[in-house]
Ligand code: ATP
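A single chain, nothing else alongside it, follows as structure tokens in the form predicted alone.
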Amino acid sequence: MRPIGIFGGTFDPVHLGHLRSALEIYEALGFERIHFVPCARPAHRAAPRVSGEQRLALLELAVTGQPAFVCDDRELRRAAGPSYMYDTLLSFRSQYADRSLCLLLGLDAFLHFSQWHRWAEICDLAHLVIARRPGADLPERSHEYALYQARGAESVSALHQRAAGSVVITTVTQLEISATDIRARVAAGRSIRYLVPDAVADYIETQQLYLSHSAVDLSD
């Protein structure tokens, strides 16, 4: 059976950069589907600007028409406390005991992977698929570089042959879009068309989301 991708994030809001990267990974690595998992309570960044229910609604609008993309609310349903990816992967593994699970990360997020809760054990629960922009490289002399040296797979076939444990780096199209910029544009009364799906832009407008502007954070 083909691997299942897991794409976590605040999605505050989801934008075309998220969706394009996920689509390219889905096609290039032969996934069965990708679960988009909105984070309820980030452990290492500012709280999302809008509720989990609203972010989930935006995701559902964004993936309409793409059956391989699944909106997954398991972190929003979890009891109070930080939304740790380790716990999320335990939930997936209990559901898909023998399936190949692949955690999708951008290269910037992977550079801080060794700061994650129980990061070393995450690799026993899922493969890591690192999406990098053209020309971006993984710096040497870091825990993440050592992890890639130890677990890096020469072929994507490793994702299909084993349930977890490998690290794969794949190049995706560079789209310079950030959720921080989108929120700032909305707050300033500027258009976000062509940065997000039209249905997402319409929902943000009708629900009057992100109208109050505050300091830039890292919730992209």
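In this text, residue numbers run from 1 along the sequence as written. None of these values were measured; they are calculated from a predicted model.
What comes next is about the form predicted in complex with adenosine-5'-triphosphate, which does not appear here.
The contact residue chosen from 180, 51, 64, 170 relative to adenosine-5'-triphosphate in the predicted complex is 180, the criterion being a non-hydrogen atom within 4.5 angstroms. Residue-level contacts in the predicted complex: of 136, 109, 76, 120, one residue has a heavy atom within 4.5 Å of adenosine-5'-triphosphate, and it is 109. None of 27 to 35, 153 to 161, 180 to 188, 66 to 74 except one has non-hydrogen atoms within 4.5 angstroms of adenosine-5'-triphosphate in the predicted complex; the exception is 180 to 188.
At least one heavy atom of residue 105 is located within 4.5 Å of adenosine-5'-triphosphate in the predicted complex. A residue is said to contact a partner when one of its heavy atoms sits within 4.5 Å of a partner heavy atom; residue 41 fails this definition for adenosine-5'-triphosphate in the predicted complex, lying far away. Using a 4.5 Å cutoff between non-hydrogen atoms, residue 175 counts as a contact of adenosine-5'-triphosphate in the predicted complex. Proximity of residue 9 to adenosine-5'-triphosphate in the predicted complex falls within the 4.5 Å heavy atom cutoff.
Contacts of stretch 12 to 46 with adenosine-5'-triphosphate in the predicted complex, defined by any heavy atom lying within 4.5 Å, are made by 15, 17, 18, 21, 45, listed in sequence order.
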